[in-house]
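So this first bit is one chain, no partners, the form predicted alone, shown in structure tokens.
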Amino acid sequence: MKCIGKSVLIFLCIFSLFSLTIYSPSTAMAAKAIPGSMAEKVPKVNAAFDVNKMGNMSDFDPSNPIIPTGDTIKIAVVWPFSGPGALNGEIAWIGFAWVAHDINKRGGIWVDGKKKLIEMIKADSMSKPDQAKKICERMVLQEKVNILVGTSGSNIQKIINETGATHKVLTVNIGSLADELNDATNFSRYNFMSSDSTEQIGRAMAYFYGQIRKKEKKFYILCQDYSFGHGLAEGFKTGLKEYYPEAQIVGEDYHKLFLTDFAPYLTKIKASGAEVIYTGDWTPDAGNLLKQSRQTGIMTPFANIFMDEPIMLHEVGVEGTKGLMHIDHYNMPNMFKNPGYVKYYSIWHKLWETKWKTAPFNSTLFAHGTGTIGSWTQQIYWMLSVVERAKSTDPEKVIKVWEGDTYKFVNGRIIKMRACDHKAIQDFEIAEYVTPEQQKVYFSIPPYHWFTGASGPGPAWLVPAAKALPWIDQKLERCADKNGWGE
């Protein structure tokens, strides 16, 4: 009896340990996807970035890239490289140069019966519509590029798309968020919007405040006065009606691009009693707005998408950047616990520390390669993955592969191209900016903080794609009677 009892006891202990291993809350939660998330909707992707297949990046220098010529895959990088928006061009360029260097070190991509290297060509839009039209025509007719990619400024992206549609050249939008770019009026089979969109951003932020945070109720909207700014505001207002009907919009204003004096708007914000300022401003407007608000004593937190530029954050300091609520189109909660991502991040960060000595790439802006830089870079990888799988630069063959395609970024983010209108579906992260000593909850590898001179992402939440699907225009015949997933 004693022997039997002992055997039973041993068996029960082993069984209990086995049960805990399988059914422990942490294991179960790790295995179960959030309802409505991309992990639930797309359990198996068509392609994924594999850090172990990267080329040798040790000699990569964004200020002096190795650009091949001859029989190459030619890609026009249509961005402002001069004028007030020039920094956006540099942010884009490092991503394009990085991807090209990586793929060329691997030997290129097999297309049209041969392996070809990637040639990136700067096409300076100067943030001016007339210049954008001129440079896009030159890229297509003289440089014979295979793909036009853009850009900061939906007004400029529209010109890029129109050029591609006219000449039947692929155009890829990785940097403009206006939903109207792919509506019934402006849609073209040759354009793919791999970026997120204004409806998604606005509704995701509203979902966060109404269904997750459940705290602030008074919001002031301040955005740039063009299609992107208005679209972002409309998305947020739509989301509030849907997810947070008790919230109040206590003010709404729009300002011209590249504004230098925000005082009139800040005076109105201060008098409004707003608990949160919602803005889509991008560089340099985002920095000027934040700095001037803090200089005038307004410490109201900003709900934002582009107010994450590190140089500007350091100019404002730890206290002035604390409490910012940032929605991100690249970062993912717990991404620093992903070994593949940590390896990729380490390659980037080490090069920034040791190799990149020329401005602006030696600045803190480029230290981590996350946020907008990460998003644009991974979208370029996705684009070239599609070309590689199409085995051709023929637009018709690329279109066939990209419509409905799914891809996983290096940090685990899953993205899908909705087939009917060529808009990307994805989850979103929203993170609260906290002081450096509080950032370990996010930045879970040494040194356990982003920077010491500014607040940065700390607690983070995932908004599942189902709660922030891109707007679908039912007037577009291809999308008639389809839901937000395009089904």
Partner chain sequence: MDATTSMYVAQGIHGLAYGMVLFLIASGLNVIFGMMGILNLAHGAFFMLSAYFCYSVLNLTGNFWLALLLAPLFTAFFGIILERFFLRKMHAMGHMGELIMTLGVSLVILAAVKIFWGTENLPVKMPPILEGMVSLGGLEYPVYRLFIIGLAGVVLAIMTLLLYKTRLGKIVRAAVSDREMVNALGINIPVVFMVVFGVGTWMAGVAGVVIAPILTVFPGLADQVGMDAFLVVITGGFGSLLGAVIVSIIFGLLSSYGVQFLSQLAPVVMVGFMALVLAIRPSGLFGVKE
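Residue numbers count along the first chain shown, from 1. Not measured: the values here are computed from a predicted model.
Just so it is clear, the following notes concern the form predicted together with the partner chain, a form of the same protein that is not shown.
Undergrad: Can you work out whether T370 and the partner chain are in contact in the predicted bound form, taking contact to mean some heavy atom pair no more than 4.5 Å apart?
TA: No.
Undergrad: Is F96 one of the residues lying within 4.5 Å of the partner chain in the predicted bound form, judged by heavy atom distances?
TA: No.
Undergrad: Taking the partner chain as it sits in the predicted bound form, is T296 near enough to touch it, meaning that at least one heavy atom pair lies within 4.5 angstroms?
TA: Heavy-atom contact with the partner chain at 4.5 Å: present for T296.
Undergrad: Even though the partner isn't displayed, in the predicted bound form is K268 close enough to the partner chain, meaning a heavy atom within 4.5 Å?
TA: Contact check for K268: yes, within 4.5 Å of the partner chain in the predicted bound form.
Undergrad: Does each of L259, N288 and K291 have at least one heavy atom within 4.5 Å of the partner chain in the predicted bound form?
TA: Every residue of the candidate spot has a heavy atom within 4.5 Å of the partner chain in the predicted bound form.
Undergrad: Going by heavy atoms within 4.5 Å, which of 237-245, 403-411, 76-84, 106-114 lines up against the partner chain in the predicted bound form?
TA: Residues of 76-84 come within 4.5 Å of the partner.
Undergrad: Tell me, which of D196, E119, E309, D102 has a heavy atom within 4.5 angstroms of the partner chain in the predicted bound form?
TA: Only one listed residue qualifies here, and that residue is E309.
Undergrad: Out of T300, Q211, N338, S363, which one falls within 4.5 Å of the partner chain in the predicted bound form, going by heavy atoms?
TA: Selected option: S363.
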